[in-house]
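One chain comes next, on its own, written out as structure tokens in the form predicted alone.
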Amino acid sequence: MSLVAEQLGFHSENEFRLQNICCEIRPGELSIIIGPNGSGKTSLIKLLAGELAPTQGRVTLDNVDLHDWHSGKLAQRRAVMPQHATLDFPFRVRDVVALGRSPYPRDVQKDTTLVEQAMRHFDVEVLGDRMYTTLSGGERQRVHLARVWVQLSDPEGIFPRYLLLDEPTSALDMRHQREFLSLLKQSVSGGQMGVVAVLHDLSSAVRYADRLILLNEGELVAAGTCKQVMTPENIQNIYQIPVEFLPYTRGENHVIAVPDD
């Protein structure tokens, strides 16, 4: 069982094209989408989430076309955090996080427990009674991370779930970035969750990803392990900058250094 893109393509009104994308988001793996601006990363996330309908190919969950799923059942199997999550109502932080329980039958005790756990995970517990509209950008992002986490946190479910995140660390400081990516890595270790996230920081992508999906100009350049995808040739050709790779001391992955002129 997995979330699969089969020969996926999308043509938008402004002529942007995403074409012939094949990739698989597997339970137990953290997949990270990388590529330069305008390469189609956000479009791919939206297609995998079912927010956009492909003009070519299809996305399947458990071998069923994503658009054939009942919306309520789909919401229990996959959660999405867009790049810019907006909410203009003066809800308390705790109530925003609790929105993640909307796809499930109401159970006050279970809902309260899961909401409190998620708020602790994402360091927003002390903000619980604050109005969401008074928060900083980084605080808001952590609240939405807690919300989507709650959406997939049904302890009674035995089926794989999928979390899709578009630049989830963009408004976080260094400490919260590191803590969040470590938490994502931990979340897939049990084998019941697959996570796919868009990141711009290549060093973080290499450090935390089980698999990388490299896009450029709407096409799939490479997909696979970090060692397979993150080659000097791929990075230099796509980003048009000179690079050198340095061994990462905790494994076979590499960090990227741009030499001085």
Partner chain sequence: MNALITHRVLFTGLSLALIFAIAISILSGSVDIGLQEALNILAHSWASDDALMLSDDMQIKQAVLVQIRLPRIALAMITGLTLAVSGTVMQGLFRNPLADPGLMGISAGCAFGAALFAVLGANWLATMGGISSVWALPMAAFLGGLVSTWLVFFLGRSGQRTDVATMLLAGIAINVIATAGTSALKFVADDQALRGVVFWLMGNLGSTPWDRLLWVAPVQLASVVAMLFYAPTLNAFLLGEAEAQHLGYNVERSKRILILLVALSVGLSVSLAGVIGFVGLVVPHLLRRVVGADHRVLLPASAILGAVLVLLADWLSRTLLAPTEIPVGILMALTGGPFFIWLLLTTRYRFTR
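Residue numbers count along the first chain shown, from 1. Just so we're clear, the structure is a prediction, and the values are computed from it rather than from any experiment.
Here the subject shifts to the form predicted in complex with its partner chain, a form of this protein not shown in this document.
Remark: all three candidate residues (Arg78, Gly100 and Pro103) come within 4.5 Å of its partner chain in the model of the complex, counting heavy atoms only. Put simply, Asp65 is far from its partner chain in the model of the complex: not one heavy atom of it is within 4.5 Å. When its partner chain is considered in the model of the complex, His176 lies well away from it, no heavy atom lying within 4.5 Å.
Remark: Ser71 counts among the residues lining its partner chain in the model of the complex, judged by a heavy atom distance of 4.5 Å or less. Its partner chain is not drawn, but in the model of the complex it has a heavy atom within 4.5 Å of Met131.
With the partner removed from view, the residue among Asp210, Asp201, Glu51, Glu217 that has a non-hydrogen atom within 4.5 Å of its partner chain in the model of the complex turns out to be Glu51.
Scanning Asp154, Glu125, Asp95, Asp107 against its partner chain in the model of the complex with a 4.5 Å heavy atom cut-off leaves one residue, Asp95. The chain is drawn here without its partner chain; in the model of the complex, the stretch among 117-125, 166-174, 141-149, 179-187 whose residues come within 4.5 Å of it by any heavy atom is 141-149. In the model of the complex, not one residue of 170-209 has a heavy atom within 4.5 Å of its partner chain.
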